[in-house]
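Single chain ahead, by itself, as structure tokens, in the form predicted alone.
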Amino acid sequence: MKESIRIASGQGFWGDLPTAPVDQVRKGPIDYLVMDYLAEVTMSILRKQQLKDPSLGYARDLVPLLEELMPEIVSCGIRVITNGGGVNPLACRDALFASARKRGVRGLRIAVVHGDDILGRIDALGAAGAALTNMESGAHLASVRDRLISANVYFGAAPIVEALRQGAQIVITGRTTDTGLTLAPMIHEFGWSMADHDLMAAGTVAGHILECGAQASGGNFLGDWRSVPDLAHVGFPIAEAQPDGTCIITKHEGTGGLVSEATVKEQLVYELGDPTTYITPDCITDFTSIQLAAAGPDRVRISGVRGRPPTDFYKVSMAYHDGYTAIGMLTYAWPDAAEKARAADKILRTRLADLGLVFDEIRTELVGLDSSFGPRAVPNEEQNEVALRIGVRSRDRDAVERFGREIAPLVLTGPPSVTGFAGGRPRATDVIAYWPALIPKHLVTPVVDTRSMEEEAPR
């Protein structure tokens, strides 16, 4: 058993800093590189891409990134774990094997964790007892069944642990919990029992800290953000994990950013509901048990974490089509910028009503005046400029498209000193709505498929 392992965060979301994984590999020693690409909306985007091209459906940024790092990953023995496989992790593996051949890398072993995609099994699972009721509203799935475009189960650390046991150097998953990416290597390296709920909770906390990338090392820091040095070269966080569940959060020396009790605490409360009951497939963690202590410059020790047994359910993230939206924007200049923007909004709404157009929602924001604070904004009518941003939402695509044709006319038929229409006419785009649900664990089984380059024939 190793005395400790270094698990490095490389991405906090699809579209995060491209240089971060490269820096994590090249600027200091690490054992694991974990990269979180998925959010609820990401799954629906990837599904739409796959419907247009069956070879897509994964985070395509991942492939050129790992192609660049493959020689170092292999030579340094770094293992990569990522949920960037999205809704098509098998195609992602094919693309990575092709990249490895291109780079002359041999002996690469990649595991795919799949089985989370249940879209094609919805009716059969319903017959087996999975109601998939909306866990927020209580609505029945039948109300959106014909509009579903994706349905993915959140697996935990267990299948990733199995992939590592099978010798995978790169593990590509579909919809896996963000925390499971970090917990899995701890279980594997330290031989933890998944029945030890305190250890599962300790690894879950470490994963929660790493899952948003630099948000734990000074990025998006609400505290004294001016004190964070060199954000242009921010170092992403690293978890130095130990067999007893203790963990040091740090970053590579010489990188920008800041790891402090304050930055770590801010990340700990990210997306947190009941702090005593943080639920994952692996355990229930009590965040009020966490002990933080400074352990040197850019080093914070995490200890004392307590956990309880997991529930008998997986969470399911589903997405469905819920109409169309379009958003337009015009900028009005001083004097009386806010008054002009409000007048333009009134004119536009009158014209939409005259056309007989009915929308599920019309929303107006005056950017620079009240868009962030709404009715709580401090009154200030002397802005140099205010951007009028107005959007509509409807099941009627034609109505949304017609709204888009009413923005440009305001330039010459509304209040004066308007600009900012260079983006062109707003067009109708799909609204993808979120449907969270629960499913009994015994109804869904993850699949671990591990292959080497020699076993994978070129396609």
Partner chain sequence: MKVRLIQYAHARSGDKGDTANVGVIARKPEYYPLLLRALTAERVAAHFQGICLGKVERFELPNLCALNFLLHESLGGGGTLSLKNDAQGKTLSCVMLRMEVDTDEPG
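Numbering follows the first chain given and starts at 1. Computed from a predicted model, the values in this text were never measured in an experiment.
Missing here is the form predicted together with its partner chain; even so, the following discussion is about that form.
Tell me, yes or no, whether W334 is in contact with its partner chain in the model of the complex, where a contact means a heavy atom of each within 4.5 Å.
Outside the cut-off, so no.
Does any part of R351 reach within 4.5 Å of its partner chain in the model of the complex? Heavy atoms only, please.
Although its partner chain is absent here, R351 would stay clear of it in the model of the complex, with no heavy atoms inside 4.5 Å.
At the 4.5 Å heavy atom threshold, is L272 in contact with its partner chain in the model of the complex?
L272: yes, in contact with its partner chain in the model of the complex.
Looking at the partner-bound form in the model of the complex, is S371 within 4.5 Å of its partner chain by any heavy atom?
Looking in the model of the complex, residue contacts with its partner chain include S371, since a heavy atom lies within 4.5 Å.
Within 4.5 Å of its partner chain in the model of the complex - does that hold for a heavy atom of every one of D146, P281 and L443?
Not one of the three qualifies.
Where does its partner chain sit in the model of the complex: which of 93-101, 158-166, 282-290, 184-192, heavy atoms within 4.5 Å?
In short, 282-290.
Let me know the one among D117, E240, E266, D198 whose heavy atoms come within 4.5 Å of its partner chain in the model of the complex, would you?
The option sitting close enough to the partner is E266.
Report the residue, out of D312, E361, D123, E253, that has at least one non-hydrogen atom within 4.5 angstroms of its partner chain in the model of the complex.
Of D312, E361, D123, E253, the residue with a heavy atom within 4.5 Å of its partner chain in the model of the complex is E361.
Do any residues of 381-399 have a non-hydrogen atom within 4.5 angstroms of its partner chain in the model of the complex? If so, which ones, in sequence order?
Sequence-ordered list: R389, G391, V392, R393.
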